Every structure is written in structure tokens, then in C-alpha cells.
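The chain below stands alone and is given as C-alpha cells, in the form predicted alone.
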């Protein structure tokens, strides 16, 4: 006699195939210094850093509902902390990246206590105002170059590696590592108890509150963790650039507008969305960059078309058509046949 058994799982056949392909791709990317040119490695490194920033912004906006247009505050803060810690604190640049993350979390606590009093559009504007306060404050620090900025001393740069190729390889691996760490951290966070609370808040904040979920605390944790990781990515960005200035460090276009574009076209509220969006953004940028301002207009048109035709982004469209999820977060009910003698 046959009957059906049901069991709940997060994984699927597509998930297992994607995991295998992902491992192969990661191994290939780790070996890039042995098969890619210098320009290719630099481009890939930049892609990884934008992917990390996009994944972090997506965690805040796509899951916690914290739509920030001021994340450049923590990118610039992390960059300046790297310079201060290495020049005046004598720390090795790699160690300074970690410390910059800790300091980013600490500075995010009072900032969160202030801007969490705001809601909706006021919150978004508040984050931008905070970023401007950061920019103006660091522009007054004469020991770090004031408004004109500062460059990393040669001795600090050479502490990474004695050879130029060694420094380029290390910078590339750090960028790749930052993207992998951020995506893994976001995935594990969303799989945790806090992640379940966050998903409930995203789906229905009122219902989540009625179930006893501490909405303020959950959002606060997300904001502080995101700030810490964003500061670390910011430190790594300016370690690669070797120079920092207030306008570059706190650029809303470079570190927030492009990041929002990536998440919107890829698919907000999904882990896969920022990955797909980053690939599309860099494809458009490398193809259209020579067109000058027309390039920015094309990006705007692409964003508008996708928001109209696929409000959940390209990955949202793919997921709805094929029920595909590469990072298993939602539960699925599977049925299996079994037979027992009567």
C-alpha cells in the first residue's frame, strides 16, 4: 500500500547545482592572479567591492525597510579610519581594516539612536544629512589633508608586500574575500532567528509586532552590523586607491546612488538580486562608459524600465517564472512516495 510522506526542506535540486557551480567559480576567481591580466584583476576587485556594498544596502532596505541614502557616511568613515590608524596608530593596513569595522559599529550606535526617530522619507533624508556632517567634519581634519585629502605613505603601502604584483594580488584577494564574507554573513543572518524576525518585519511589520517581535531592536542590530561591514569595505576601497579626500570618500553617487541602482535592477529583498545587479551594472558601465553623460542617462532609463516592467527586479522576475532560489531561505514542502504492507 502506497502513501505520501511530506517533509519540509529549504534546499532543492537547483540549489545543490548552484552550490557546486558557485564553488567552482570561487576557486576560479581565487586563482585569477595566475590567469587574469592586471586590468582584469583591478576591474574584478572593484566589482567585488560594489557587490559587498550592494548586498549590505539590500539587507537594510530590502529586509529591514531602512531605506538609506547616506551609506557613503560609513564608506568614507572606514576609509579615513584606515588612514588614521595606519599613519598615526602604526597598525598594519589589514589589521586597520578590522579595527575600522569595530569603530564603524561604535559610531553607528549614537547615529542610529538619532535617526531612528525618523520615518520613511525623513529617515532617508536624515541619513544623507548625517553623511554630509561626516564629510564636513573630516574636511576640517588638517592632519589627514583637510579638504584636499591625503595619500598613504610609501612605507605603509610597501608593508602590504615588497613587490607591486604582490600588493595587487593581496588587494584582489581582500576584495574577493570581502564580497564572500558579506554574502555569507547576510545569508547566515537571514537563516538565523533574527533573520526570521527580519523576514516577518519585511512581510508585515504590524503583524510581526503583534507576534512579539522587537522591531526596533531587530532594525537596530541590522543597522549597526551593516555600518560595521560597510566601514570595512570602505577601508578596503581606499586601501586600493591609496588616496582619500572628503569628496571622494563621501560621494553619494559612487557609494549610494550606483549601489541603489544595482539592487533595484537586480531584485531588492533577495540575496541573488545584488549579485545579478552588480554584473549588469558593470556590463553597462564597461560598454557605455565612453559615452560620457549619456551613460548616466542610459542607466536611468534602464532603472525606470525595469521598475515598470519588473517591480521586484530581474531576479524577482526569474524567480516568479521558474520558482528558482539559489540561496535557500524559504521553506518548501516536498512529498515522497513510500509503500507499506497492509
Partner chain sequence: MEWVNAIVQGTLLGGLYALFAAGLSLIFGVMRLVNIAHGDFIVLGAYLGLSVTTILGIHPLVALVFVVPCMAMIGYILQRGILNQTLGGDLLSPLLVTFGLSVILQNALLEIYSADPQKMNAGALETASVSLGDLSLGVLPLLTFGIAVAVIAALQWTFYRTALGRAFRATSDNQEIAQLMGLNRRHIFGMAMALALAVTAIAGIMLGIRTSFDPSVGGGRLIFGFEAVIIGGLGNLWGTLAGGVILGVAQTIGAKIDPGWQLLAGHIVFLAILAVRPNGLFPRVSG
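Everything quoted here is computed from the prediction, not taken from an experiment. Residue numbers count along the first chain shown, from 1.
A second form of this protein, the form predicted together with the partner chain, is not displayed here; the remarks below concern that form.
None of 215, 118, 180, 94 but one reaches within 4.5 angstroms of the partner chain in the predicted complex through a heavy atom, and that residue is 118. In summary, among the residues 85, 124, 152, 174, the only one with a non-hydrogen atom within 4.5 Å of the partner chain in the predicted complex is 124.
For residue 257, a non-hydrogen atom is located within 4.5 Å of the partner chain in the predicted complex, even though that partner is not displayed. In the predicted complex, the partner chain sits beyond 4.5 Å of every heavy atom of residue 32.
Interface residue remark: residue 137 is counted as part of the site for the partner chain in the predicted complex, having a heavy atom within 4.5 Å. The partner chain in the predicted complex is not approached by residue 43, whose heavy atoms all lie more than 4.5 angstroms from it.
Proximity of 190, 224 and 321 to the partner chain in the predicted complex is absent: no residue of the three has a non-hydrogen atom within 4.5 angstroms. Contact with the partner chain in the predicted complex, judged as any non-hydrogen atom within 4.5 angstroms, is confined among 157 to 165, 97 to 105, 226 to 234, 128 to 136 to 128 to 136. Looking at 271 to 310, the residues that come within 4.5 Å of the partner chain in the predicted complex, counting any heavy atom, are 293, 294, 296, 297, 300, 301, 304, 307, 308, 309.
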